[in-house]
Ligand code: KG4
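Before any questions on how it binds or moves, here is one chain, the form predicted alone, in structure tokens.
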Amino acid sequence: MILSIESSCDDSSIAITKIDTLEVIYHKKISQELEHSVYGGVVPELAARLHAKALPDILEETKKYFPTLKAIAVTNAPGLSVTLVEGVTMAKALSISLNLPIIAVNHLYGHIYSLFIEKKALFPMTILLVSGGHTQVIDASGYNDFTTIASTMDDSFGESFDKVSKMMGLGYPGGPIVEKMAKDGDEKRFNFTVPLMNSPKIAYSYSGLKNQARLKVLEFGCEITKQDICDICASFQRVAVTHLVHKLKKIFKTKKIKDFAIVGGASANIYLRKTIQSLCDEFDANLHVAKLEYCSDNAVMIGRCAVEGYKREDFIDFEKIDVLAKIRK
């Protein structure tokens, strides 16, 4: 079995995965959303302290599996450096004490393997990764064979939802809150401009759309009503997703895509899933999504990716493993 650790942001998670059957034997995640909601977003130093407490508590429950472990897997990039180091430090300690190799897993690659939890991987595939920190379209050909073909130039898809939620005092994390408020709103009430609509660039930008929402909130001022908020959320969500689809359609027109997937925390958005399903239907592509429980950060996806690494003996010396805040190229 492989023990995997995830601490890239504000979720402390450990999982145990069987190498031969891909079965998830154990999984526990402790979220820090409540602690960070007071501040309207993740406070790195607070997150690190909470990881330092939560990870050892979870690890205590996995001791019975130690004799069957073959490797320790840990997220080492990308993410918050002060939180990544908590997981990496634990992985180093386990590697030394149990005499086991370490598998360093790129967090974004983990999200891709969330599609294949307890089942065989399917490649090639084109993937839209949307989260609080990333918006990327990736051509995936196999293990560690990923090419980014489009990305955001500023804010990410998920980050823009968080910021729109914060500017209206709705809470954190903003994605689920904005999505929920949008269900009771009129998505056509506010005609926000779709970013980069007339640009030939295959890229994303959410800073301008976020600012449009901010100006609308300021326009209402203290007289803003709940219905106004719902309508802003609905209109914002419609345009945010339209922006994704507009650029994706350009990609679909340039090459034949048989299998397409959405991964990342923001891929849990049902409005997004339905819209992407329509796009895939239009181009006769199969849509793949991870189970909702595995969309956000978790150690199970890290363990699933690590199984592939173990089979290829993709190990790293515990003295050489480093924490990387940005994605490895």
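These figures come from a predicted structure and were not determined experimentally. Numbers for residues come from their place in the sequence shown, where the first is 1.
A second form of this protein, the form predicted together with this ligand, is not displayed here; the remarks below concern that form.
- Contact here is defined as any heavy atom lying within 4.5 Å of this ligand in the model of the complex, and by that definition not a single one of Asp155, Gly208 and Gln212 is a contact residue.
- Annotated contact segment (heavy atom within 4.5 Å of this ligand in the model of the complex): 295-303, selected among 47-55, 275-283, 295-303, 60-68.
- Put simply, Ala268 is close to this ligand in the model of the complex: some heavy atom of it is within 4.5 Å.
- Although the partner is absent from this view, Pro176 contacts this ligand in the model of the complex, with a non-hydrogen atom inside 4.5 angstroms.
- Among residues of the shown chain, Gly132 is one whose heavy atoms approach this ligand to within 4.5 Å in the model of the complex.
- Contact annotation for Asp231: none of its heavy atoms lies within 4.5 Å of this ligand in the model of the complex.
- Using a 4.5 Å cut-off on any heavy atom, none of the residues of 208-240 reaches this ligand in the model of the complex.
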